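The form predicted on its own is given below as one chain in structure tokens.
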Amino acid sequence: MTLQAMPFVPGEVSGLLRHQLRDGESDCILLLHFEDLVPLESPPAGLIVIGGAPLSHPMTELQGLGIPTVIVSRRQAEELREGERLWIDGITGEIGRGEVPDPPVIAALGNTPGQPFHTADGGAVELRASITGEQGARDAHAVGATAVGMVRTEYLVPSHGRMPDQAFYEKAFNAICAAADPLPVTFRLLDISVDKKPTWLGEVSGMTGLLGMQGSRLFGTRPVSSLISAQAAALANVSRDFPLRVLVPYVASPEEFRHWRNRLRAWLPDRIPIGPMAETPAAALAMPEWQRIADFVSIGCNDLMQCFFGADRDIPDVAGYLDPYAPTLLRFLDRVARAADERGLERVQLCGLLMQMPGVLPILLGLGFRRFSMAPRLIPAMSRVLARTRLREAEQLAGTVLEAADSGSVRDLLGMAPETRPPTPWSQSG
């Protein structure tokens, strides 16, 4: 028996299937519903998530754990039995009974930290790491990442939930840069949202729903404003010893970015590049303006997709609408790439889970993107994809995909199995 699930976190592992962890048992494969995802004190060897929303924050946090993970439908979960021995492959999405099959021999793809990776025909591509702290910086260095593309500073919190201050941030930022050295590090300023609300923050007007107050929209609100100044002052001091950049989260327009860039310059020296995180269609389409006023730009594909498709990425019932194979999404990204000239694209980074979806990275390469930021543990798998990809063929593939009538046609072009797509509400209606 082999089930075709949706791959999520790379890795192959075998173990007994459990519905809940037992004391002292860490070599099992845990089957759980997306709604039951909680921080795991004793992580299992592997995870099978039922009905997961791939772009959701809980699933994104799994990336940092590095536990091989696949996503199954409720129907597929009914075929799995408690106590049976299974193997899962987080790269292909396969689930089988018994032990992990002998994997093919793969040549080591070691990379010097700080250097680009290469496609089969020698094209240089940067695989950067998105991290939440010092250990992530070590992981980035260990896998040979080209840079740290984003530090999610909202996950840097003092003990007992107290409010951070400049001294706390300076110590944390120094530790991250030292662990990543010699990699350049990009710090995203505090990115608070309704689903990432710190314990020290009280009620804030407008901080509701998926499109409310969040990211830089909160920078003028107390006490967030004081923490932004603390972060900026800490970064100014750390920049004396390490190369770093600063990313402003959830910027909707060039006018908004210009306002916060000018405010930040009160603390940040000119040697620190500042760029916006474009996470809405409006911000992504402002590429010509970013080229004039920003030092770089990072496109956050997870939030971009939920705005683009009008579906909350944390709700499994609408996960199927967030379709990475939709021609409309790929045409939109093609338009974004074309809005930036070749020199401009050198300053554009794609973040999020989009590039890890099977078959998508070659399409993005074919559209012209060359800089990607992802969980460090994904970098070895993505480097192997690069090693099998030729840029001319990727350009031809992208051209064909852009003319496809629907996502099913795109998936057929990529040889994707139907089971790897989350169901949509309308597909299950009577």
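Note that residue numbering follows the sequence shown and begins at 1. Every value quoted in this text rests on a predicted model; they were computed, and no experiment measured them.
If you look for the form predicted together with phosphoenolpyruvate, you will not find it shown, but the lines that follow are about it.
Within 4.5 Å of some heavy atom of phosphoenolpyruvate in the predicted complex lies at least one heavy atom of M150. At the 4.5 Å threshold, heavy atoms of D89 stay clear of phosphoenolpyruvate in the predicted complex, well away from it.
For the chain shown alone, L218 is not a contact residue for phosphoenolpyruvate in the predicted complex, no non-hydrogen atom being within 4.5 angstroms. Within 4.5 Å of some heavy atom of phosphoenolpyruvate in the predicted complex lies at least one heavy atom of H57.
For the candidate set A140, V251, C351, V185, a heavy atom within 4.5 Å of phosphoenolpyruvate in the predicted complex is found for exactly one residue, namely C351.
Checking K196, R331, R85, H118 against phosphoenolpyruvate in the predicted complex, a heavy atom within 4.5 Å turns up for just one residue: K196.
Comparing 225-233, 156-164, 297-305, 92-100 against phosphoenolpyruvate in the predicted complex, the single stretch with non-hydrogen atoms within 4.5 angstroms of it is 297-305. Residues from 200-230 do not approach phosphoenolpyruvate in the predicted complex: none has a non-hydrogen atom within 4.5 Å of it.
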